[in-house]
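So this first bit is one chain, no partners, the form predicted alone, shown in C-alpha cells.
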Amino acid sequence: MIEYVNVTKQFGPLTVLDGINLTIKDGEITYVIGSSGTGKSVLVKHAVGLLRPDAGRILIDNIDTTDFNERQWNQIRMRYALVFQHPTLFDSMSLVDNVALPIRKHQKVSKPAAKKSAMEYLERVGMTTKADLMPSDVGPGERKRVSIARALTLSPDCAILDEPTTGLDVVASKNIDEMISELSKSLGKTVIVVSHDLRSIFGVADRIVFLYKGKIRLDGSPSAFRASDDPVVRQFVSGEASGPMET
C-alpha cells in the first residue's frame, strides 16, 4: 500500500502537486490520468523515491519513507517494476539476454540457468518466439513487453508503467492491456499505470485517479468516471477542444 499524505511538489514557481492525499491499494490496477504536464509521472516517481516531496509524507506499508536515504530507497525499489515510456533495452543484446541480465546479476546463477528463467518471463508476455531477436528487429509494443518482462524478474510486488500504450497501434495496445490485466488478476501484482489512453483506461482499470491543476479531480471506478457530471471530466472524456480545461 502506498500513501500520499498532503504531498506538494513544486518546480520553480510551478506547483505540480498541490496537497495530494491518495492511497494506492494492494492488488488493484490504478490508472493515473490527466492532460500533459498535470503531474502524472511526478506523482508515481514519488512512490519510488526518484523525487522527494517539498511538503507532505510518503508511506509504504505504513512506513514513512519520506526521509529515506538512497540505500534505504534501493531496498524499497527492489519491490517495484518501473517501466518508463520509452523502453530501455540494450541494443547489443538479444531479447532473452536482456531479460536474463538482471537474473544473473541479482540471483547469481549461471548464464544457461538465467536464460532458462528469462524464457519463462518472456512466455508471460507472449514473446518466446522472438527471444533470440535483437531489440531493433521487433516493434515498439514488443520492446515494451520485453521491458516489462525484464522488470518482473525481480519478483516485484508492484508494477509502475508510464504510458505503456503511447505510440502503439490498436493490436499492440490491446496486447499490453491484456498483459496488465494478467499482472494483476493472475500474478497478484499491484499495477499503477500512467496514461491518457481512454480505450485502455476504461477496458482495464479497477480505479482511476484524475489529476487536474495539481489536485485530484476524481478518484473512482471507470463507471463513476463515465457517470461524472464534472465539466472538466466530461471534456477530458469527450476530447472537445473547448471547455473549462482551456483556462
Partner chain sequence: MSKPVETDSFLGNFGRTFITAFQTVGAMTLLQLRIFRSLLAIKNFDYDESVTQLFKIGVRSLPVVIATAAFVGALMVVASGNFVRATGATTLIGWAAGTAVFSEVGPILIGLMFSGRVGANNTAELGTMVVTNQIDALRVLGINPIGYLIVPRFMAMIVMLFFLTAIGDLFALTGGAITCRAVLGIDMRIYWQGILDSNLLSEFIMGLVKAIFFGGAIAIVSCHWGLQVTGGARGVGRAVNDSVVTSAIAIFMVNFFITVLWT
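Positions refer to the first chain, counted from 1. Superpose the two forms; the largest set of C-alphas matching within 1.5 Å is the rigid core. This one's a predicted model, so the numbers in the text were calculated from it and none came from an experiment.
Omitted from view is the form predicted together with its partner chain, to which the following refers.
Peer 1: I need to confirm a contact call. Of 113, 138, 119, 78, which residue comes within 4.5 Å of its partner chain in the predicted complex, counting heavy atoms only?
Peer 2: It is 78.
Peer 1: Of the listed stretches (46 to 54, 211 to 219, 183 to 191, 24 to 32), which one has a non-hydrogen atom within 4.5 Å of its partner chain in the predicted complex?
Peer 2: One stretch meets the cut-off, namely 46 to 54.
Peer 1: Could you confirm whether residue 155 comes within 4.5 Å of its partner chain in the predicted complex, counting heavy atoms only?
Peer 2: No - in the predicted complex, heavy atoms of residue 155 and its partner chain never come within 4.5 Å of each other.
Peer 1: Counting only non-hydrogen atoms and a 4.5 angstroms cut-off, does residue 70 reach its partner chain in the predicted complex?
Peer 2: Looking in the predicted complex, residue contacts with its partner chain include residue 70, since a heavy atom lies within 4.5 Å.
Peer 1: How about residue 174 - does it come within 4.5 Å of its partner chain in the predicted complex, if we only consider non-hydrogen atoms?
Peer 2: Answer no; every heavy atom of residue 174 is more than 4.5 Å from its partner chain in the predicted complex.
Peer 1: Using a 4.5 angstroms cut-off on non-hydrogen atoms, would residue 145 count as touching its partner chain in the predicted complex?
Peer 2: So residue 145 does not count as contacting its partner chain.
Peer 1: Among 178, 207 and 228, does every residue place a heavy atom within 4.5 Å of its partner chain in the predicted complex?
Peer 2: Not one of the three qualifies.
Peer 1: Under the 4.5 Å heavy atom criterion, name the residues of 133 to 156 that approach its partner chain in the predicted complex, in sequence order.
Peer 2: Heavy-atom contacts to its partner chain in the predicted complex: 150, 151, 154.
Peer 1: Does residue 79 move its CA by 2 angstroms or more between the shown form and the other one when the core is aligned?
Peer 2: No.
Peer 1: Superposing on the rigid core, is the CA of residue 114 displaced by 2 Å or more between the shown form and the other one?
Peer 2: The answer is yes, as the C-alpha of residue 114 shifts between the shown form and the other one by 2 Å or more after core alignment.
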